[in-house]
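Let's start with one chain on its own, the form predicted on its own, as structure tokens.
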């Protein structure tokens, strides 16, 4: 009998690494995360799809103690200690002026820059949607590197933007702690909706 797992090309170990066994990490070891590891993550996930091949995601790696303190001060209280202790923290934001890159990144239709994205509110909505996709891809890329991700949205977005994106053209979507999982890193796995509760055929 063929199971759902048998229908996938990705082997079971990779399925577990990326999805079934992976979850948000809340503690980390002190093993460092290198720039080379993060570059490898980006070089993988940059190929994932977005509308018009737009690439609004921007990543700030928070490494210096001074920058870490500035970031931690903007986080919800429950996120401060784990972020202060994580080997690496990434701020994931979107560039709301991403359309300026479309003529080179979407050469099949360079006029898309002006036809679809001339108005700032339209760009912001598209950047947020496609940037959220890229955040998901980034988290999977971190897992593919054998690392754990602790994504968070509990922060003062305006405060983080003021501290790290003073130009006013960027919107912060998530803060992600990254590293090897530490002791008691995981909360118990929460339930998921069953296939029949989600999928219908018409």
Ligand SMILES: Cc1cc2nc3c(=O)[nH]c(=O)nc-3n(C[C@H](O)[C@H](O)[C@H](O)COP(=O)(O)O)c2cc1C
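Note that this is a predicted model, so its numbers are computed, not measured. Residue numbers count along the first chain shown, from 1.
There is another form of the same protein, the form predicted together with this ligand; it is not shown, and what comes next is about it.
Student: Would you mind picking out the stretch of 149 to 157, 34 to 42, 51 to 59, 162 to 170 that comes within 4.5 angstroms of this ligand in the predicted bound form, counting non-hydrogen atoms?
Tutor: Result for this chain: 149 to 157.
Student: Identify, from the list 79, 130, 105, 74, the residue with a heavy atom within 4.5 Å of this ligand in the predicted bound form.
Tutor: None of the other options qualify; the answer is 79.
Student: Is there a heavy atom of residue 15 no more than 4.5 Å from a heavy atom of this ligand in the predicted bound form?
Tutor: Flag for residue 15 set to no.
Student: Report whether the minimum heavy atom distance between residue 68 and this ligand in the predicted bound form is within 4.5 Å.
Tutor: Contact check for residue 68: no, nothing within 4.5 Å of this ligand in the predicted bound form.
Student: Under a 4.5 Å heavy atom criterion, is residue 27 part of the interface with this ligand in the predicted bound form?
Tutor: No, residue 27 sits far enough from this ligand in the predicted bound form that none of its heavy atoms falls within 4.5 Å.
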